[in-house]
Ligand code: NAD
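Consider the single chain below, provided in structure tokens and representing the form predicted alone.
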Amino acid sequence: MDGRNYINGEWVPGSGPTFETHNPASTGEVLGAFPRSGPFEADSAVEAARAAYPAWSHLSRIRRAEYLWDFCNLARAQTEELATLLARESGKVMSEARADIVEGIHMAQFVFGRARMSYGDVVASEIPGKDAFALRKPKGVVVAITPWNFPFAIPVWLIAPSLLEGNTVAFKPAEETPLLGQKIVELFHQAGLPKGVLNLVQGYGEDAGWPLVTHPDVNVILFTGSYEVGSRIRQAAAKDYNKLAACEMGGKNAVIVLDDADLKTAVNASVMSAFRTTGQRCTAASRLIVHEKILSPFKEAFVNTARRLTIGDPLNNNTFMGPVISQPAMHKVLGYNDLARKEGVTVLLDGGRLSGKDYDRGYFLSPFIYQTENRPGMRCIREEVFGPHVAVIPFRTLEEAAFIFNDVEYGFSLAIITEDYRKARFLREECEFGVGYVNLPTIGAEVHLPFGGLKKSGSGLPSGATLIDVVTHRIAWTINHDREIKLAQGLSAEIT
């Protein structure tokens, strides 16, 4: 692909050098060259979004939704093509690539359906002659900075609700997956979106993302990525009285397997939690907290299942696990595998880089599984790895399980495997998380539910269905129908 930026309804080249995107399963395959944009392109995108905002925000909410419906239909017609490109660019296996596209389509459908629903409330007033309302108004210009691991779904998660509510958007996709970012904008262009409503800036975070974040005409920043970057964005936004940052960041998630758990359910849920997307999800579980009574059979079944996983070409429909996204990502995972050994864990399945004819071209890793107690100060069980690296940690009581789960700086996703709803409820109340499941993996979010975490995982302003609370502000609107002024709280309206 000959990559471009998209600013004010026009496809434009960058003003400087370009960068390439490669297939992580076959690194010699170049998928495209894209502009390495900088402050000039960032400024142009924000200026276009600001200029388009008045007309777009005054357009009928239902008309705005119709553009999203057209986008949805275009994406549905190209699902297989988009999924294949996604698998080639991100390394996700085809089943997950299709699900990524479908998830984005589901968000567009969900947002379209909200257009004819209430976007405010009628509220009772103390004074019978008054009508009171709580209404929503758009914030203005939104910057969406998105990750490579869900290169279709997450951008649509952020862009579609922002557009429906009357905001305009400057969008920077991850530099690892610029191709899918451009495809999303192409679909909106084909849907006839007015000029300047959605703008695309390709490039790296420091070069292009930071100028977008710090631009004075930006009102909202939507970011999904690492805690380190998200923390910088939040600090920058806090200095501006007219700017809000909603950051969805990392996780050190866990599956808690209780002593009454169905073993098959526990193993299957744990394998999917740990190794789907090769462990490269913010909700992936890199800790399996297992009751000591079921520890031995669980370990045996989990390791045996992990050993049988098909690792290879993402385009092969039988592949369960593809490559990690890049060489730095691969070295990071291998570094944490080494760290775990140095911290004295018991290795159950020794994973590493795979070699051979089909593996040498890409960044393929096999699962690394180990057992350890929850010892204070251990980094391997507290820091996010973002790869096929998982600890099995035994526990004895429900209170201990909750303590182990909370004994990290993240609080994103939790899965509980049990047949006892009382135990599940106890853990629901005691554990610190944003997305929870019972007898399911830690993955599998749906667009009509909140999505976000606590502590280092998020800023308390989630994505998904509740993103509307981030990209709008609520106003109070009270109308007096009496001939006289009457005030609440018994306050006199007489002027003496």
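Don't overthink the numbering: it's just position in the shown sequence, from 1. Note that the structure is a prediction, hence the values are computed from the model and not measured.
Although it is not shown, the form predicted in complex with this ligand is what the next lines describe.
The contact with this ligand in the model of the complex, taken as any heavy atom within 4.5 Å, belongs to Trp148 out of Trp148, Phe275, Phe71, Phe368. In terms of contact with this ligand in the model of the complex, the residue from Ile381, Leu288, Met249, Ile101 that brings a heavy atom within 4.5 Å is Met249. The closest heavy atom approach of Tyr204 to this ligand in the model of the complex falls within 4.5 Å. Within 4.5 Å of any heavy atom of this ligand in the model of the complex lies no heavy atom of Thr84. In the model of the complex, this ligand lies within 4.5 Å of some heavy atom of Glu175. None of the heavy atoms of Ser95 is located within 4.5 Å of this ligand in the model of the complex.
Residues within 4.5 angstroms of this ligand in the model of the complex, judged by any non-hydrogen atom, belong to 383-391 and to none of the other stretches in 383-391, 358-366, 101-109, 85-93.
Taken together, the three residues Gly32, Phe34 and Ile184 all stay farther than 4.5 Å from this ligand in the model of the complex, as judged by their closest heavy atom. Contact residues in stretch 214-242 (any heavy atom within 4.5 Å of this ligand, taken in the model of the complex) are Phe223, Thr224, Gly225, Ser226, Val229, Arg232, Ile233.
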